[in-house]
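First, one chain by itself: the form predicted alone, in C-alpha cells.
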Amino acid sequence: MDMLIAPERLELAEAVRDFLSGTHGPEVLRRLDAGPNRDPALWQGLVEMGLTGLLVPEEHGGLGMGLLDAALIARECGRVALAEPLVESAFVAVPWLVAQGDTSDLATIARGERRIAPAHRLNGAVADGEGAALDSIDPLRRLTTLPADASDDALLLDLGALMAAAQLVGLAEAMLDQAVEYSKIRTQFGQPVGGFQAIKHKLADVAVALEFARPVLWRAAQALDDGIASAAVHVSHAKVAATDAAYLAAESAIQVHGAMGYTYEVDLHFWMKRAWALGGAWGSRAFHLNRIDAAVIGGPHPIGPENTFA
C-alpha cells in the first residue's frame, strides 16, 4: 500500500500556507482581537482560493475533493490560528450535509455567501452560530449557546474531531517553530538558550509527538472518507495524538519563552489559547480515549499481532 500523500495534494496545501502566511500573521490576530474578530477581506480571499467549495461536489459548484485534502488545509489554518470559520463550515458541515443528502445550500456555501455552524450536543456550544454569546478562552473563537435541536450524529462528531485534530497539529507546529526561533535569540550565561541540552530535549520531544500525530491524522482522514468500519477509532486516535502534541508544544514553548511566555505581549498566546479551546472541542481527550478503549479492548477492533493484518 502506498502511504505517501500525492504531490498535487501537498502543492495545494503549500499554496494555502503561502496565502495565509502573507495575509494572517500575528499583527492581523492582534488587530482582530482589538476589533470585530472577523475580516470580510480575509474571508473573500479564502473564497477566491476555492476553499469554501473544497468539499462541495462539482455539480454544485465546488471542487469535489476529499477529507484528506481538507485535513491538510485545516492543518494550515491551525498554523496561523485562522480566525475565520472556514474549517467548521466548509470542512465539517459540508461533508455532513452531503452525507445527509441535503444539497440545498451547497452552491451558496461554495460561493462563500453562506456559512454553516455545525452544532453537536457533545460540544455544549456552537462556534460562530446564532444565539447568546458565550465566553471562550480563545478571544478569536466566537461561541454561542447550543440550540435545542443540536445533532448527536456520530458522523458529524467524527468530522468535527478530525478537523479539530488537523488544526491542533498545525497549531503545535507553529508553536514549535516559535519556540525554536526564540531559543536562538534568548540568551543566558552569555549564549542562546537553544544551545542548552535541556532545551534541545524539550523541543525534540515536541517534534517526536508531531511525528506520531501526523500519520494517524492522515490515516483517519482517509479512513473516514472511505467509510471503513474502524474510521471512528482512527479519528479518536488522531484527536488524542494531536491534542497531546499541541498541549506539549504549548507547555514547552511557554517554558522556552520564560516568564514572557505567559504575557499578552508575546504572540504565542494566540496559538496556546486556540489549542486549549480545540483540545476540548468535538470530544475531550478522555472521551476519545474511552472510544479507543471500547473498540480495542474486547470490542470490534482488537489489537495485537494476530489482528494486525486481519
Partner chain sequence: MRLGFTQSEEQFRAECADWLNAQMAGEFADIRGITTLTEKAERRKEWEQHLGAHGWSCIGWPKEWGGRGATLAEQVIFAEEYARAGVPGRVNHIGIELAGPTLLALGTEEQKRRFLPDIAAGKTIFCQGFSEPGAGSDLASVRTKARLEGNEWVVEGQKIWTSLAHISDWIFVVARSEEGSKGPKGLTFLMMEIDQPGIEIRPIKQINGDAEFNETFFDGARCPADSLIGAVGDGWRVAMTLLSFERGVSTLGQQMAFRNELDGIIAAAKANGTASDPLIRQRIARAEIGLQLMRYGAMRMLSNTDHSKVDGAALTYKIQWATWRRNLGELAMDVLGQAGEVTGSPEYEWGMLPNLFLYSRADTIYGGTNQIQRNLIAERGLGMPREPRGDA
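Positions refer to the first chain, counted from 1. Everything numeric in this text was worked out from a predicted model, so none of it was measured.
Below, we turn to the form predicted together with its partner chain, even though it does not appear here.
Looking at residue 149, you'd find every heavy atom of it more than 4.5 angstroms from its partner chain in the predicted complex. At the 4.5 Å threshold, heavy atoms of residue 134 reach its partner chain in the predicted complex. At a distance threshold of 4.5 angstroms between non-hydrogen atoms, residue 190 is in contact with its partner chain in the predicted complex. Heavy atoms of residue 263 reach within 4.5 Å of its partner chain in the predicted complex, making it an interface residue. Annotated contact segment (heavy atom within 4.5 Å of its partner chain in the predicted complex): 138-146, selected among 153-161, 138-146, 105-113, 73-81. Annotated contacts: 10, 31 and 47 are all free of its partner chain in the predicted complex [non-hydrogen atom within 4.5 angstroms]. In sequence order, 280, 281, 284, 285, 286, 289, 290 are the residues of 278-306 having a heavy atom within 4.5 Å of its partner chain in the predicted complex; the partner itself is omitted from this view.
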